[in-house]
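For reference, the chain that follows is the form predicted on its own, supplied as C-alpha coordinates.
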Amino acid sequence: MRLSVERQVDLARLINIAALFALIGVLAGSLHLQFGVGEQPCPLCLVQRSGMIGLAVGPMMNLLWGIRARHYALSILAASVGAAGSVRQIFLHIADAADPGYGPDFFGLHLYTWAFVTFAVGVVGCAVLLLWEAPLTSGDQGLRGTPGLMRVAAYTAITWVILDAILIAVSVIPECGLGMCPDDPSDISGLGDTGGWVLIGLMGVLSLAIGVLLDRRRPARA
(Lines give C-alpha, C1' and ligand atoms only; values in the text may rest on other atoms or scores of the structure.)
Protein backbone atom coordinates (compact mmCIF):
# COMPACT_ATOMS: atom_id res chain seq x y z
CA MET A 1 0.00 0.00 0.00
CA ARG A 2 1.50 3.31 -1.10
CA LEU A 3 1.34 6.16 1.38
CA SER A 4 -0.12 9.47 0.28
CA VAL A 5 2.19 12.45 -0.04
CA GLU A 6 0.68 13.93 3.13
CA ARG A 7 1.42 10.75 5.06
CA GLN A 8 4.95 10.66 3.73
CA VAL A 9 5.51 14.25 4.83
CA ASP A 10 4.20 13.42 8.30
CA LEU A 11 6.51 10.40 8.48
CA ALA A 12 9.47 12.54 7.39
CA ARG A 13 8.61 15.06 10.09
CA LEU A 14 8.50 12.30 12.71
CA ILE A 15 11.94 11.12 11.59
CA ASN A 16 13.27 14.67 11.93
CA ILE A 17 11.76 14.97 15.42
CA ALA A 18 13.26 11.62 16.43
CA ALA A 19 16.65 12.74 15.10
CA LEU A 20 16.50 15.87 17.25
CA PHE A 21 15.71 13.89 20.39
CA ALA A 22 18.54 11.48 19.59
CA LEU A 23 20.96 14.41 19.36
CA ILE A 24 19.54 15.84 22.59
CA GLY A 25 20.30 12.51 24.24
CA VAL A 26 23.91 12.58 23.03
CA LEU A 27 24.34 16.18 24.20
CA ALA A 28 22.76 15.28 27.54
CA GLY A 29 25.59 12.82 28.21
CA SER A 30 28.29 15.41 27.54
CA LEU A 31 26.50 18.15 29.50
CA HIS A 32 26.05 15.81 32.46
CA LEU A 33 29.77 15.07 32.35
CA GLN A 34 30.47 18.80 32.54
CA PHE A 35 27.87 20.11 34.95
CA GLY A 36 27.28 16.94 36.96
CA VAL A 37 30.72 15.33 37.16
CA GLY A 38 32.57 18.63 36.70
CA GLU A 39 34.80 17.68 33.75
CA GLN A 40 35.32 20.66 31.48
CA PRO A 41 35.28 20.07 27.71
CA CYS A 42 38.52 20.34 25.73
CA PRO A 43 38.71 22.49 22.56
CA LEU A 44 38.06 19.48 20.30
CA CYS A 45 35.12 18.55 22.52
CA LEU A 46 33.68 22.00 21.90
CA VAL A 47 34.14 21.51 18.15
CA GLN A 48 32.17 18.29 18.38
CA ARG A 49 29.41 19.90 20.46
CA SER A 50 29.17 22.67 17.88
CA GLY A 51 28.93 20.01 15.18
CA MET A 52 26.05 18.38 17.08
CA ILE A 53 24.18 21.68 17.25
CA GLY A 54 24.87 22.24 13.54
CA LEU A 55 23.65 18.74 12.73
CA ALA A 56 20.39 19.60 14.51
CA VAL A 57 19.89 22.76 12.43
CA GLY A 58 18.69 20.84 9.35
CA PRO A 59 15.85 19.00 11.13
CA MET A 60 14.89 22.19 12.96
CA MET A 61 14.61 24.10 9.67
CA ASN A 62 12.68 21.22 8.11
CA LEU A 63 10.12 21.34 10.89
CA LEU A 64 9.80 25.11 11.00
CA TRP A 65 9.89 26.02 7.30
CA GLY A 66 9.38 22.85 5.34
CA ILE A 67 11.45 19.86 4.26
CA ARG A 68 14.16 20.97 1.82
CA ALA A 69 17.27 19.36 0.39
CA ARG A 70 19.39 22.35 1.43
CA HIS A 71 18.44 21.81 5.07
CA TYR A 72 19.80 18.27 4.97
CA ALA A 73 22.89 19.61 3.18
CA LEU A 74 23.57 22.01 6.06
CA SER A 75 23.39 19.12 8.52
CA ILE A 76 25.81 17.07 6.41
CA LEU A 77 28.29 19.98 6.34
CA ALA A 78 28.03 20.47 10.11
CA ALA A 79 28.42 16.73 10.72
CA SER A 80 31.53 16.70 8.52
CA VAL A 81 33.13 19.43 10.65
CA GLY A 82 32.18 17.66 13.87
CA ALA A 83 33.46 14.33 12.55
CA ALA A 84 36.79 15.95 11.67
CA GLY A 85 37.10 17.07 15.29
CA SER A 86 36.25 13.57 16.50
CA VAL A 87 38.77 11.90 14.20
CA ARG A 88 41.45 14.37 15.26
CA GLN A 89 40.84 13.56 18.93
CA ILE A 90 40.75 9.82 18.29
CA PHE A 91 44.10 9.97 16.46
CA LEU A 92 45.64 12.03 19.26
CA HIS A 93 44.87 9.35 21.82
CA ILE A 94 45.66 6.22 19.80
CA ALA A 95 49.10 7.51 18.78
CA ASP A 96 50.39 6.43 22.21
CA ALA A 97 49.39 2.93 23.27
CA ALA A 98 49.75 3.97 26.93
CA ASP A 99 47.35 6.91 26.53
CA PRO A 100 44.14 6.09 28.45
CA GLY A 101 42.15 8.60 26.40
CA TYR A 102 40.37 11.79 27.44
CA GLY A 103 37.52 11.44 29.88
CA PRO A 104 35.56 8.35 30.89
CA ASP A 105 34.45 5.65 28.49
CA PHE A 106 30.94 4.43 27.78
CA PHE A 107 30.52 0.80 26.73
CA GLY A 108 34.24 0.66 26.05
CA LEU A 109 34.38 3.77 23.83
CA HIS A 110 35.20 7.35 24.75
CA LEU A 111 32.68 10.09 24.09
CA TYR A 112 34.64 11.47 21.13
CA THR A 113 34.42 8.04 19.48
CA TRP A 114 30.69 7.94 20.09
CA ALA A 115 30.53 11.46 18.66
CA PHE A 116 32.13 10.22 15.45
CA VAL A 117 29.57 7.40 15.29
CA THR A 118 26.80 9.98 15.75
CA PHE A 119 28.14 12.18 12.97
CA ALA A 120 28.53 9.20 10.64
CA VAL A 121 24.96 8.09 11.31
CA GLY A 122 23.78 11.68 10.75
CA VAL A 123 25.51 11.94 7.37
CA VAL A 124 24.17 8.58 6.19
CA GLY A 125 20.69 9.39 7.50
CA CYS A 126 20.57 12.74 5.71
CA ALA A 127 21.84 11.14 2.51
CA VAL A 128 19.10 8.49 2.67
CA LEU A 129 16.43 11.13 3.32
CA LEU A 130 17.68 13.08 0.32
CA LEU A 131 16.74 10.05 -1.79
CA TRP A 132 13.15 10.28 -0.51
CA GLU A 133 11.61 12.46 -3.19
CA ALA A 134 8.01 12.93 -2.06
CA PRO A 135 8.65 15.11 1.06
CA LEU A 136 11.19 17.21 -0.85
CA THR A 137 8.81 18.00 -3.71
CA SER A 138 5.59 18.27 -1.70
CA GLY A 139 5.78 22.02 -1.15
CA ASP A 140 5.78 21.44 2.61
CA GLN A 141 5.67 24.72 4.54
CA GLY A 142 6.56 23.34 7.93
CA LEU A 143 4.53 23.22 11.13
CA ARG A 144 1.43 25.03 9.95
CA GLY A 145 -1.11 22.27 10.38
CA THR A 146 -3.53 21.51 13.17
CA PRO A 147 -2.07 21.91 16.65
CA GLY A 148 -1.40 18.60 18.33
CA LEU A 149 1.15 16.16 19.69
CA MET A 150 3.44 16.34 16.66
CA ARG A 151 3.75 20.11 16.87
CA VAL A 152 4.26 19.95 20.64
CA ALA A 153 7.01 17.34 20.20
CA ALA A 154 8.66 19.38 17.45
CA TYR A 155 8.57 22.65 19.38
CA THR A 156 9.83 20.86 22.50
CA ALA A 157 12.78 19.34 20.65
CA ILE A 158 13.65 22.62 18.92
CA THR A 159 13.48 24.55 22.20
CA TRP A 160 15.65 21.95 23.97
CA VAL A 161 18.34 22.17 21.29
CA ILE A 162 18.34 25.97 21.56
CA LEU A 163 18.65 25.79 25.35
CA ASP A 164 21.54 23.34 24.99
CA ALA A 165 23.24 25.71 22.55
CA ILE A 166 22.83 28.64 24.94
CA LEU A 167 24.16 26.61 27.88
CA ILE A 168 27.19 25.47 25.86
CA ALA A 169 27.93 29.01 24.65
CA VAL A 170 27.61 30.55 28.11
CA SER A 171 29.77 27.86 29.75
CA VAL A 172 32.63 28.55 27.33
CA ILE A 173 33.13 32.09 28.70
CA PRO A 174 34.42 31.17 32.19
CA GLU A 175 36.48 28.30 30.76
CA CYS A 176 38.13 30.10 27.84
CA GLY A 177 37.56 33.80 28.43
CA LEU A 178 38.35 35.79 25.29
CA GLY A 179 41.37 33.69 24.35
CA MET A 180 42.13 30.13 23.34
CA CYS A 181 40.58 27.35 25.36
CA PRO A 182 43.08 25.27 27.38
CA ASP A 183 43.99 21.88 25.91
CA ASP A 184 43.53 20.18 29.28
CA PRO A 185 41.08 22.34 31.27
CA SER A 186 40.83 21.98 35.02
CA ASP A 187 37.82 20.26 36.48
CA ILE A 188 35.12 22.28 38.19
CA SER A 189 32.88 21.57 41.14
CA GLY A 190 29.95 19.87 39.47
CA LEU A 191 26.45 19.38 40.75
CA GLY A 192 27.03 15.70 41.36
CA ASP A 193 25.66 12.76 39.42
CA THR A 194 22.07 13.32 40.55
CA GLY A 195 22.30 17.09 40.31
CA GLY A 196 23.57 16.89 36.73
CA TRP A 197 20.63 14.77 35.63
CA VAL A 198 18.22 17.03 37.53
CA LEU A 199 19.57 20.02 35.56
CA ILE A 200 19.05 18.19 32.27
CA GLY A 201 15.60 17.07 33.38
CA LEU A 202 14.62 20.64 34.26
CA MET A 203 15.73 21.77 30.81
CA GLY A 204 13.47 19.09 29.34
CA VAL A 205 10.50 20.20 31.47
CA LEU A 206 11.06 23.83 30.49
CA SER A 207 11.31 22.85 26.82
CA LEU A 208 8.06 20.89 27.04
CA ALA A 209 6.28 23.82 28.70
CA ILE A 210 7.48 26.17 25.97
CA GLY A 211 6.52 23.63 23.32
CA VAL A 212 2.96 23.38 24.65
CA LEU A 213 2.70 27.18 24.88
CA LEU A 214 3.92 27.69 21.31
CA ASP A 215 1.53 25.04 20.02
CA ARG A 216 -1.42 26.72 21.67
CA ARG A 217 -0.50 30.27 20.70
CA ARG A 218 0.38 29.63 17.05
CA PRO A 219 -2.75 29.58 14.86
CA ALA A 220 -3.42 26.61 12.61
CA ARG A 221 -3.05 27.16 8.89
CA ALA A 222 -3.87 25.13 5.86
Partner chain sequence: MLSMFVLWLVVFAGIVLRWRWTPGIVIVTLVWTAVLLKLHMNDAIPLNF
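Worth saying up front: this structure is predicted, and the values here are computed from it rather than measured. Numbering follows the first chain given and starts at 1.
Another form exists, predicted together with its partner chain; not displayed. Remarks below refer to it.
Report task. Could you work out which of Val37, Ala28, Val47, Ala153 is the residue within 4.5 angstroms of its partner chain in the predicted bound form, going by heavy atoms? Result -> The residue from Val37, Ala28, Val47, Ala153 that makes the contact is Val47.
Query raised in the report: For this chain shown on its own, do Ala22, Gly101 and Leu109 all sit within 4.5 Å of its partner chain in the predicted bound form, going by heavy atoms?
Result: None of them does, since no heavy atom lies within 4.5 Å of the partner.
Query raised in the report: With the cut-off set at 4.5 Å between non-hydrogen atoms, does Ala134 touch its partner chain in the predicted bound form?
Result: Looking in the predicted bound form, residue contacts with its partner chain do not include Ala134, since no heavy atom lies within 4.5 Å.
Requested in this report: Answer yes if any heavy atom of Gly190 is within 4.5 Å of a heavy atom of its partner chain in the predicted bound form; otherwise answer no.
Outcome: It does not: once its partner chain is placed as it appears in the predicted bound form, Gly190 has no heavy atom within 4.5 Å of it.
Query raised in the report: Do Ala95 and its partner chain come within 4.5 Å of each other in the predicted bound form, heavy atoms counted?
Result: Heavy-atom contact with its partner chain at 4.5 Å: present for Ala95.
Query raised in the report: Quick one: does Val123 come within 4.5 Å of its partner chain in the predicted bound form, counting heavy atoms only?
Result: Outside the cut-off, so no.
Query raised in the report: Counting only heavy atoms, which residues in 157-178 are within 4.5 Å of its partner chain in the predicted bound form?
Result: Heavy-atom contacts within 4.5 Å come from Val161, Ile162, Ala165, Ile166, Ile168, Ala169, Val172, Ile173, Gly177, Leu178.
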